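First, one chain by itself in C-alpha cells, the form predicted alone.
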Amino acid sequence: MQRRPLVARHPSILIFLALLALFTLGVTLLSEAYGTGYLSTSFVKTLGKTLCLCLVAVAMDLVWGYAGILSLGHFAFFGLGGYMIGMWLMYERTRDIVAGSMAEAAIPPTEQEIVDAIGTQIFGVVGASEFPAIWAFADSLLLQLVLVVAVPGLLALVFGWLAFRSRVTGVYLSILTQAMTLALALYLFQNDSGLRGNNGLSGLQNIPGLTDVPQSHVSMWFLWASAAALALGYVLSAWIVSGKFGSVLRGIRDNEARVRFLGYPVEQYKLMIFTVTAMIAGIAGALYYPQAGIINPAEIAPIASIYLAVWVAIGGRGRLYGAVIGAAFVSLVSSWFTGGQAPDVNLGFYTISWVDWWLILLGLSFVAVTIFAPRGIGGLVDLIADARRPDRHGADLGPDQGALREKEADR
C-alpha cells in the first residue's frame, strides 16, 4: 500500500505553516522597516526571539513529550549555539573597529598587528590579549555556522552515549542533564574559559558589513530567518514522529522495557533523538542571541532549562503545536509582566508588583496545569478536533458488525 504524503497524514502542518506565514506577513506590514510603523523595532525583536524560543520548545517536546526523556540541559545547547555565532559577530565587529582606527597610522599595520589589537580589545576585560584555541575559526562565518550545529551535537552525542549506555533513566537522567548544564555554566563563568567569563559576548546586534543598515531592517530580517527556521524545524519534527521512528519513540516513553524486549535498540533511538534535538536547539540559539545583543553564562544556568520544560508542559507536551503555544504564550506574557507594562495591583495593605511576582505566577500556572489540565493549552485544540468528529457509537460501519470502511478507518 502506498504511503500517504506527510501533510495528508498530519494536516495540522499546513495549518501551522499558514498561521506562521500570516503572522510573519502581519508583522512585516506593521513594522517600522516595511510597513506602517505600528510595531516598534524592540517589539519586533521580541517577536523574533519568541519564534526562536518556540523552535527550542519543539526540540524539547521531541525529546520529552515523545521520547519521555526529561532533559534539563537543552538550554545549554541553545546557549552554545549562541556562543558559536557570537564569536564570529564579535570578532568581525571588533576587526572593523580596530582596522578603522589603525588605518590612520603613518605606517600601515600588518595583519598580525591587527589580530593582536583585536585580541587585546576583546579579552582586555578579563586581563588577557591572546586568542584562545577555541577562537581558531572565529574569522570564518562558514566554519562558525558549522560549529553552531556541531558543538551542541557533539556534546549531546558524548553525554547521551555515556548516559544511555549505562541505562540511566527517569529522574536520575534529569539530574545528570542538570549537572551537565551547571558544570558548563560554571566553567564559562571563569575568566580563563576563553569566552570572557561573566562578561560574555556583547554587541551581537551589530552585524558586520551592515553597520549602515537601520536596526529596524535587521530586526525584520532576523524575524524572517527565525520564522523560516521554525517552519523547517516543525516540519522536520513532524516527519520524525510520524513514521516508525516516532512510534518507537512513543513506545520507549510509555514502556521502555517492552520496546527493548521486542528487539529495538532503545539506546540508539534515544541517542539519536537527543543529539538531533540538541542541534535544533543550537540553531535556535544562533538566531536568538544576535537579536538579544548579548550572551553570558547566566543564560545557560539550569533554571533556564527548567523554564523550557515549564513552557512545554503549559503548552501541552506530546503535541508539537502545544510546545509552540506554550513557549509563545509564556514568552509574550513574561515580556508584558516583567517589562513594566502590567499595572500594579494595590490591595491597600500591599501593592503587587508583577515584576517581582511574575515567577511565582508562572510557578502557580505550572502547578495548576499539571493538576487540572495535564494536556496543557494545546489540549483545547484536541477538544475542538474531538467535537468535530462524528459520533459513530452503535453504528454499523461496514458489511459486518464492528467492521470499518476504509474511509472511516483513516480518520
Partner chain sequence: MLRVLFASLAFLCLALTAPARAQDEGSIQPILQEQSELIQESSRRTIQPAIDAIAASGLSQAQTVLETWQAKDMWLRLTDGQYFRAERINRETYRLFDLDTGEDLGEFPADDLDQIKPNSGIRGLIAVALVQFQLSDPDPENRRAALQSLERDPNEDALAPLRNSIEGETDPDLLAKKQRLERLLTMAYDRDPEARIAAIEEMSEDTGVDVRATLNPILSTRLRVFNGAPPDSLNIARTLTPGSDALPRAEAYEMLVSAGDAPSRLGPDAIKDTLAQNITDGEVAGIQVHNLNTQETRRTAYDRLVADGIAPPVPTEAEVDATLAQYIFAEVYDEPNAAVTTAAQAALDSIATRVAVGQAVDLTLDALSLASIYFLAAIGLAITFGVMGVINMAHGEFIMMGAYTGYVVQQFVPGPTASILVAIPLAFAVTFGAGVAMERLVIRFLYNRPLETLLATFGISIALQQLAKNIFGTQARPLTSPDWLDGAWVLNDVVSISYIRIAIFALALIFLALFLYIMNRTRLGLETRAVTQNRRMAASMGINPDRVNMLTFGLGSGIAGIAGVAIGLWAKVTSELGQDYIVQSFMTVVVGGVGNIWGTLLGATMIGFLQKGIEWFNPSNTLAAQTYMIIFIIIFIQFRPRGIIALRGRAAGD
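Because the structure is predicted, anything quoted here is derived from the model rather than measured. Positions refer to the first chain, counted from 1.
Same protein, other form: the form predicted in complex with its partner chain, not shown, and the subject of what follows.
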Here the chain is shown alone; which of 137, 245, 336, 172 has a heavy atom within 4.5 Å of its partner chain in the model of the complex? 172
Heavy atom within 4.5 Å of its partner chain in the model of the complex, from candidates 332, 303, 146, 128, belongs to 303
Decide whether residue 159 counts as a contact residue for its partner chain in the model of the complex under a heavy atom distance cut-off of 4.5 Å. yes
Residue 192: touches its partner chain in the model of the complex, heavy atom cutoff 4.5 angstroms: yes
Quick check on residue 66: any heavy atom within 4.5 Å of its partner chain in the model of the complex? no
If we define contact as a non-hydrogen atom of the residue within 4.5 angstroms of the partner, is residue 166 a contact of its partner chain in the model of the complex? yes
Could you tell me which of 269-277, 176-184, 81-89, 324-332 sits within 4.5 Å of its partner chain in the model of the complex, going by non-hydrogen atoms? 176-184
Can you name the residues of 92-116 that have a heavy atom within 4.5 Å of its partner chain in the model of the complex? 106, 107, 108, 109, 110, 111, 113
